[in-house]
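Okay, here we've got a single chain as structure tokens, the form predicted on its own, with questions on binding and movement later.
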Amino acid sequence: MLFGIVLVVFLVLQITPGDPARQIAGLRASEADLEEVRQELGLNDPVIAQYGRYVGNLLQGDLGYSYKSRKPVADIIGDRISVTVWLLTTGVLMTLLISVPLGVVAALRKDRVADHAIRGFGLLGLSMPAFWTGVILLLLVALPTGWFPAGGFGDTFGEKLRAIFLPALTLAIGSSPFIIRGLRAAMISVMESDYISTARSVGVAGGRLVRRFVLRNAAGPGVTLLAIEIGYLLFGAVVIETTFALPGVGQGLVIAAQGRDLPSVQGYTLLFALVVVAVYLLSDVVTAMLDPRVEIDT
């Protein structure tokens, strides 16, 4: 998958309209200056040679240089990645805090008032675009109360926590409905299994039954859904960071795309793809650890 992603990202640079040499040298550069830049970047080499050089540089951790700032792309991403890590980590934690209790209640109260109310909340969360939810939270919470900043990222731990709360909540509101519905369906399926009936027949009931037998066996599909949602959360960070003016990699990708800084766009895209692939792999391992019926073939 990573090999295919690297190939596609490289080809994007080849087929994108515009002259990289002109972007670097400027609009008033002479043809001789442009040719010098092309020679320096190796743009006159065959595409296969350029691809080989690109892959070789990647293996050494070299993502190239920004057309705008002339700084290494790896350094630019490194300056921004901590903000996005804060956002994703807090967003995932909030998603779990919201979705797991509501999913359990919806499954245990199937087709009752609580179940319908929770499913209605999920439908509402799915219908609201992330940028709209963020703007509403800014208008109704951040600006009237002053408890949370309307944008930016602080320096101390407390300031960072306050700055990241509303953006993370925005991510959680959009992603929780998927986890709630998946966990509810998995728990209902597990509770209809024969071994649950056997456990009840020997006196296991209530919270003990849910914790020891239902939740663990229903966690596998939930972990898979969470992994998929983390991928969406990562790309949703592009919108959220722009809405809340967070200096993360999502905002950096938007700025690079607006400025046609293609090496930076390539670097951000590769980072996102790498994280998604790693999360999917980790979810498979966690699923195998939770479900004794799943084995990891080494």
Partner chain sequence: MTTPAFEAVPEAPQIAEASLAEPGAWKRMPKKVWVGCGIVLLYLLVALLAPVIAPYDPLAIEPANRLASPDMAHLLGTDELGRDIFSRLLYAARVDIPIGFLGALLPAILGTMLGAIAGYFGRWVDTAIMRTADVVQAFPAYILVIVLVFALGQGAGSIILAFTVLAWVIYARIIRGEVLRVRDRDYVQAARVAGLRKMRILRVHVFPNVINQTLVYLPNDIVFATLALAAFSFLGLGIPPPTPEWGAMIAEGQPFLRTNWWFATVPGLVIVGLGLGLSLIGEGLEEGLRA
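Numbering follows the first chain given and starts at 1. Only a predicted model underlies this, so the values are computations on that prediction, with no experimental measurement involved.
The form predicted together with the partner chain is left out here; the points below concern that form.
Pro129 is the sole member of Gly154, Pro129, Pro101, Gly78 with a non-hydrogen atom within 4.5 Å of the partner chain in the predicted complex. With the partner chain left out of view, the stretch that reaches within 4.5 Å of it through heavy atoms in the predicted complex is, among 173-181, 159-167, 101-109, 79-87, 173-181. When contacts are judged by a 4.5 Å heavy atom cut-off, Arg260 counts as touching the partner chain in the predicted complex. The closest heavy atom approach of Thr242 to the partner chain in the predicted complex falls within 4.5 Å. The shortest heavy atom separation between Thr269 and the partner chain in the predicted complex is within 4.5 Å. Remark: Ala256 counts among the residues lining the partner chain in the predicted complex, judged by a heavy atom distance of 4.5 Å or less. Taking a 4.5 Å heavy atom cutoff to the partner chain in the predicted complex, the contacting residues in 113-146 are Arg119, Leu123, Leu124, Leu126, Ser127, Met128, Pro129, Phe131, Trp132, Val135, Ile136, Leu138, Leu139, Leu143.
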